[in-house]
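Quick setup: one chain, the form predicted alone, written in structure tokens, and binding and motion questions come after.
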């Protein structure tokens, strides 16, 4: 089948502002959008820039807006997207070229919430044991692949880029509720600041956008309750 791709293009060396260009791609109905983009890059216009890596929905590299929704290009089939297919970069990040945006501020917020185990007690001889019940409390938020689909679908983040955003808070949740971790109070204190969790307006865009099916809004509410009750 042949599909038309309306792709947002922007080359900072030539263009004053982004614009859309149309391309024809010969693909199978069961091909993914990433396959269609590869067709354009490999056979039509080699200057097209976009991120991709594993192509299996694990690395999160190829997140973009597809027909106005944040999706992973490697997880959506062209037969399910209609024709034409409109492809654009994620919102609220600085545009570098075409579909490539600057992710560094996103990862800086992620690092600021210390997404790693903080344990004050001496290391055990083997491993730090944990019950299945304790593990279940944060199991869902371990699935995050840092694609930024949730964060760039968030209206409060559109309005204020200093907001930590759902992805960073989801990764903080993963450790705040880990029974082996001792850094919850520090993370919660950070999230209680001006650009922390209280900027969340419970819109649910983040949950809808997550390609991993994480209950993002529920995790955000868990963090709010922990702050109010200090029930960690």
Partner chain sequence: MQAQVSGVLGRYTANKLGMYAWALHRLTGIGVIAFLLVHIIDTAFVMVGPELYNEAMALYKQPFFRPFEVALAAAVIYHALNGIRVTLIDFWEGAARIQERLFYGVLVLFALLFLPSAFIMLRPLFVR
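Residue numbers count along the first chain shown, from 1. What you see is a predicted model, and the numbers here were worked out from it, not measured in a lab.
Not on display, but discussed next: the form predicted in complex with its partner chain.
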property	result
Heavy atom of each of 61, 93 and 212 within 4.5 Å of its partner chain in the model of the complex	no
Residue stretch of 165-173, 52-60, 195-203, 31-39 approaching its partner chain in the model of the complex, non-hydrogen atom distance within 4.5 Å	195-203
Close approach of residue 68 to its partner chain in the model of the complex, 4.5 Å, heavy atom	yes
In the model of the complex, residue 6 touching its partner chain (heavy atom, 4.5 Å)	no
Contact flag, residue 141 vs its partner chain in the model of the complex, heavy atom cut 4.5 Å	no
In the model of the complex, residue 155 touching its partner chain (heavy atom, 4.5 Å)	yes
In the model of the complex, residues of 1-20 near its partner chain [heavy atom within 4.5 Å]	none
